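Below, in structure tokens: the form predicted on its own, a single chain.
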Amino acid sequence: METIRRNILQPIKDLWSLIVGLKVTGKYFAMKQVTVHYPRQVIDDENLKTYAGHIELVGKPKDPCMPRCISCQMCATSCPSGCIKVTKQKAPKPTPEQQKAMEEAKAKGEKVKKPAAPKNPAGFMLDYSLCSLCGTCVEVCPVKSLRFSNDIYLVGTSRDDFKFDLLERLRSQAEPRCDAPASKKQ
């Protein structure tokens, strides 16, 4: 019985496996090619929209140079790779007149309200060389201030080439509409 299985049934199973494999290969051989021969060809806009590259900030609808980000740090806390660093802005120092008025109000027993820090971040850095592209930062953002970029032709010669100042990148993308100069790279 063992010789029949080894000499007749096993070759039939092997031949069937070969036929199934050739059928799959033939199916994809006849299909239209989906890869692109860069740099002779470029990705069309329809396919570029589906690409999820590194993250970038989304500007406000009325002021595209100002990010929607409220510096809540949810993206940085949820990032498993630790590649996002958000720096909050400091509260402005009160002028001497404001300081004097606050002291007088405090002396009267009134509740003094100190100037609040602006919600938009002072710095938003991404180390793309550490990013695992999990997309958790985009999902947890409460104000939808992050999205994936379509920057498909990203190259560099060192790890520092993949450290992005996303605030500067946002301003450079909306530069014709920005009045304020771009901040210095941190």
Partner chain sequence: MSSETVFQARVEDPIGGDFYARRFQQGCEENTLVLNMGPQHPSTHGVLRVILEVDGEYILRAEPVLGYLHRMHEKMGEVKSWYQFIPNMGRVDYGHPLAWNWAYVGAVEKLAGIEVPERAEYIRVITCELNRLASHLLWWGAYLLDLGAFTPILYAFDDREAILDILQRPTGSRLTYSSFRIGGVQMDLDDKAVQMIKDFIPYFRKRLPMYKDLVTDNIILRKRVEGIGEMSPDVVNRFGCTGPVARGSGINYDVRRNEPYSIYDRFDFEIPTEDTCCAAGRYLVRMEEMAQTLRILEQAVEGLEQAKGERIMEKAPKPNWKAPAGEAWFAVESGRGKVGVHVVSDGSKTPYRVKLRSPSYSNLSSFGEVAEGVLIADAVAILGSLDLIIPEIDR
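None of these values were measured; they are calculated from a predicted model. Residue numbers count along the first chain shown, from 1.
From this point on, the text means the form predicted together with its partner chain, which you will not see here.
Is there any non-hydrogen atom of Ser17 lying within 4.5 Å of its partner chain in the predicted complex? Ser17: contacts its partner chain in the predicted complex.
Its partner chain contact in the predicted complex: Cys79, any heavy atom under 4.5 Å: Within the cut-off, so yes.
Quick one: is Ser132 in contact with its partner chain in the predicted complex, heavy atoms, 4.5 Å cut-off? Yes, Ser132 is a contact residue.
Taking 4.5 angstroms as the cut-off for heavy atoms, does Thr25 touch its partner chain in the predicted complex? Contact check for Thr25: yes, within 4.5 Å of its partner chain in the predicted complex.
Taking 4.5 angstroms as the heavy atom distance cut-off, pick the stretch from 116-124, 132-140, 157-165, 54-62 that is near its partner chain in the predicted complex. One stretch meets the cut-off, namely 132-140.
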